[in-house]
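A single chain comes next, written as structure tokens; it is the form predicted on its own.
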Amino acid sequence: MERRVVVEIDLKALVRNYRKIAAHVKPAKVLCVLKANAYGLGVGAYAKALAKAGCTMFGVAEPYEALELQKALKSCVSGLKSSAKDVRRKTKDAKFEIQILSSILPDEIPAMVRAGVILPVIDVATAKLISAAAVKAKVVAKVHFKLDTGMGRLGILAKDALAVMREVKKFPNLDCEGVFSHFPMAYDPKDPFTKRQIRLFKSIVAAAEKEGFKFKKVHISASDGINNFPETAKRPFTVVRTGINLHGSFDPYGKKALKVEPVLSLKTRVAQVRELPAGTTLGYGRTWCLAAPTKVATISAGYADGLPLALTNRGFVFIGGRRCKIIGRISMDYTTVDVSNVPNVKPGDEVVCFGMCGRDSITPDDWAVLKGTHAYDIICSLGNRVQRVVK
């Protein structure tokens, strides 16, 4: 039985977005961030589509995600069917790289080294443990120095970067192939902080290279940086990371240099339609009072499915090809909307909560503005009873 609420994922649009991003940042390479089970949408389908499109670098947040993605990539390659033999051959021969972009805990290191996952060096102690695990496993572990140039969350402080690099370079069985950092303000192209970060990061990389480091992968830019600071896709930078732009979403405050398209549509169905008299109040808190007799539909989705409470009395959905205003507070399982302008609406009719409707659209970005957040929050909030449907 199909669930009442579904999120449709257009993998063809996802691939088009990936290719647009890759073309935009060329010759830099694209690392696709698929953490949190591809933001809760299903890492297997995403991995297969992106691998077939030519992506070979993927980022996650923690070890469990790395192993799940590794399984997905192996299965998608073995099960890949394509009429173009060269696509199948290139995909089978590709060496997929999975990188943990945050931190690695001591007890997690041995398994990650054996799995061949690229690990972050956030301090000397972590590098020492990675080296010891690599020696024991008789392998060379790839690592990237994670620098804190202003995020204030994880990594090596800028003032300590060269000293840490020199110490880590002494450890055996480590391939210090990369160095990276992260922006806290890249969504704002006018804020000078990001420009200062870029200069600081580049100065550290230049100083390290003078001391003999040869970094194959240098990256600081994620989706916001790609759109707002194009210099982060040029030398010395060789890699960019992208997550939210793959879904066709942006931070609401920055530029939209990438012409990506929406990938997701959230849909439900009408549960009941009623003619309610003037003076009727709707929902918890009685936040809406009908000024006149009104045709009201109750739809089968609420905040447990990902509809933000912030849409209460000001959001819209599509029913019958028309925008319908949300009236009354959104409940856990249901939402009430004004369908006075929709003829013949009945229980079971499709409701598009966000997605395209003819030339009109409602996007996760629109919801993010009303909620005072960003599209990541909207997408990651889609509930576990929302069925994921790949198109």
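Quick caveat: nothing in here was measured; it's all calculated off a predicted structure. Residues carry their position along the shown sequence, with the first being 1.
The same protein also exists as the form predicted together with a small molecule; that form is not shown, yet it is the one meant from here on.
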inquiry  = How about residue 52 - does it come within 4.5 Å of the small molecule in the model of the complex, if we only consider non-hydrogen atoms?
reply    = no
inquiry  = Would you classify residue 170 as touching the small molecule in the model of the complex, given a 4.5 Å non-hydrogen atom cut-off?
reply    = no
request  = Decide whether residue 39 counts as a contact residue for the small molecule in the model of the complex under a heavy atom distance cut-off of 4.5 Å.
outcome  = yes
query = Does at least one non-hydrogen atom of residue 242 fall within 4.5 angstroms of the small molecule in the model of the complex?
reply = yes
request  = Tell me whether 117, 144 and 216, taken together, all sit within 4.5 Å of the small molecule in the model of the complex, counting heavy atoms only.
outcome  = no
note = Contact with the small molecule in the model of the complex, heavy atom within 4.5 Å, among 101, 208, 296, 76 goes to 101
ask   = Considering 165, 222, 185, 198, which brings a non-hydrogen atom within 4.5 Å of the small molecule in the model of the complex?
value = 222
key: Partner-facing stretch of 27-35, 325-333, 66-74, 345-353, counted where any non-hydrogen atom is within 4.5 angstroms of the small molecule in the model of the complex   = 27-35
